[in-house]
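Before any questions on how it binds or moves, here is one chain, the form predicted on its own, in C-alpha cells.
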C-alpha cells in the first residue's frame, strides 16, 4: 500500500451512555442564559487569549455539554469581558465563566 502521508482524525462521536452532563446541568441552574448560546463564535473571535490558548466560551460550553474537562481553558480566561460585549444573545459570559470556576472547585 502506498503511504500518502495522511492520517485519520480522532472520531468526534460521543458515547451517550457514558456522557456526564452533571456539570452542565449545574451551570444551567446557576446561569440559565447559557442555553441561549447559538455557537456563533463571536466570543472566540474577540478573546484576548483565544489566539494563544484556544480559549472560547463557545468551546467551553460545547466541551461541558459533551462531558469534557474544560478546567484548563477556564484557567486561561482573563475575565476581560470582550466576549460579553460582542455576544449577540446578550449572555453574561463573565458570570458564566466565574460560575463554571466555582463548579470545578
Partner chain sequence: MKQNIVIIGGGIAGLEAAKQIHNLGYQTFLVEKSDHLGGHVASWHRLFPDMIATKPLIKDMISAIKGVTVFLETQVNDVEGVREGYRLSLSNGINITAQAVLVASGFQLFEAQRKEEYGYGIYDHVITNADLEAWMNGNKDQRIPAAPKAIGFVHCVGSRDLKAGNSQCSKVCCMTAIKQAIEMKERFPNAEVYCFYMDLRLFGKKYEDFYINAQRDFGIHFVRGRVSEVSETIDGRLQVKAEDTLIGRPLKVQLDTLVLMSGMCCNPLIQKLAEQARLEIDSDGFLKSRDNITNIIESGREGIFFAGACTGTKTVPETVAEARAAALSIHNYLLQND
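Because the structure is predicted, anything quoted here is derived from the model rather than measured. Residue numbers count along the first chain shown, from 1.
One more form of this protein exists, namely the form predicted together with its partner chain; it is left out here, but the text below deals with it.
In the model of the complex, is there a heavy atom of its partner chain that lies within 4.5 Å of any heavy atom of residue 73, even though the partner is absent here?
Outside the cut-off, so no.
Is residue 12 one of the residues lying within 4.5 Å of its partner chain in the model of the complex, judged by heavy atom distances?
Taking the distances in the model of the complex, the answer for residue 12 is yes, it comes within 4.5 Å of its partner chain.
Contact label in the model of the complex: residue 37 to its partner chain, heavy atom within 4.5 Å:
Residue-level check for residue 37: yes, a contact with its partner chain.
For the stretch 85 to 105, return the residues whose heavy atoms include at least one within 4.5 Å of its partner chain in the model of the complex, in the order they occur.
The one in contact is 89.
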